[in-house]
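As structure tokens, one chain now follows by itself in the form predicted alone.
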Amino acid sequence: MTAVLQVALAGGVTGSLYGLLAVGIVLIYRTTGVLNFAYGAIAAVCACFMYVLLTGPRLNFWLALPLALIFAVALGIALERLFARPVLNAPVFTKAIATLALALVLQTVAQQIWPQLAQPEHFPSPFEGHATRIGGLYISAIGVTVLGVTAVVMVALALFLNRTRLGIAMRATADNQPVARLMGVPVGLVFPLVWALSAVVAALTGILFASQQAVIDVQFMDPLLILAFVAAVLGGLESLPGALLGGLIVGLTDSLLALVLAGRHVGALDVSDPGIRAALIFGGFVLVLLLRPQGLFGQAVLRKV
């Protein structure tokens, strides 16, 4: 039982990272209609900027962190102005393909600016080598931090979206953009705000993931992005809490499968291989969508035909 709880705890930490990234994806999609496949690259660029601050001028981690988040805000606003706004009225598929191109551009530019990050580098953080024991379970300092940051981000987003005028304006824009314009909502200001907020969430996720893995390069977020999209769609692609729950489901499923399949073989096939786990997760994801296309926490939309 202790082993199961330990694995579930690890899955909850990893799932929180998937969920945080999925929350940022949903935040942009709900408001602007952009399915942002460049989101992992945005997170990676912000984390790389943090790495440069830590290893170049050798700033303290807690001083470099707010500077990295300010950089994320500026990057989010710049991408909204220079990239998202010109393609705002394009078809959804066109915008999605454009974000793939944006991801390649961001990774290429980052690699040219920071050539040392073309290869994995050690990411220094104050969490390395620190862990605590709670009731027979071990949890690392970065694990506690991931869970704490996830809780703080979700509470802060809930308060912002429900208790502030800007947050309510963002919700109104997400629900019905033309009506929001008629009601006087400054949609032109809402869009850059959404991109800035989502970039901050991406930066936090990238920095936490780099701290957990202790390595970083310009493409280190790509594997996480795929599972974050699974989490976002699983959660319904319209709900922020659903995106987080989707991430937790994916993380827990992956960890529990690793425990159940450890050391097992089916004939010559090693089913404990990570690729097999990924195939089972994606297969289960497809099955869920076949049974519930709107996702576990989404609502079906009725259309006249």
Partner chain sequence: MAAQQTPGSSASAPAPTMARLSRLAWVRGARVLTQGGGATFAVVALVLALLPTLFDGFFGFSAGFQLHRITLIGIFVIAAFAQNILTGYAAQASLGNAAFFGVGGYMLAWLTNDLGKPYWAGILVAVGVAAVVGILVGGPALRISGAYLAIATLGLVFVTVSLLDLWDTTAGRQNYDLSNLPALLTDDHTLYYTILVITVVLLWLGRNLLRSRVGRAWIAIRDSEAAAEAVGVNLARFKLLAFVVSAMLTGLAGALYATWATTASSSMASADQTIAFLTMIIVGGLGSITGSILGAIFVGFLPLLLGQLPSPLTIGSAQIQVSTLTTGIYGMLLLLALVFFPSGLSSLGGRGRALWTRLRSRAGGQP
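Positions refer to the first chain, counted from 1. Because the structure is a prediction, the values reported are computed rather than measured.
One more form of this protein exists, namely the form predicted in complex with the partner chain; it is left out here, but the text below deals with it.
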| item | value |
| --- | --- |
| The partner chain contact at I276 in the predicted complex, heavy atom, 4.5 Å | yes |
| Contact test in the predicted complex: Q112 vs the partner chain, heavy atoms, 4.5 Å | yes |
| Any non-hydrogen atom of G295 within 4.5 angstroms of the partner chain in the predicted complex | yes |
| 4.5 Å heavy atom contact, A151 to the partner chain in the predicted complex | no |
| Residue stretch of 268-276, 66-74, 245-253, 50-58 approaching the partner chain in the predicted complex, non-hydrogen atom distance within 4.5 Å | 268-276 |
| L137, L104, V179, I168 - the one with a heavy atom within 4.5 Å of the partner chain in the predicted complex | L104 |
| One residue of V144, L189, A158, L100 in contact with the partner chain, assessed in the predicted complex (non-hydrogen atom, 4.5 angstroms) | L100 |
| Interface residues of 278-295 toward the partner chain, as seen in the predicted complex [heavy atoms, 4.5 Å] | A278, A279, F282, F285, V286, L289, L290, L291, P293, Q294, G295 |
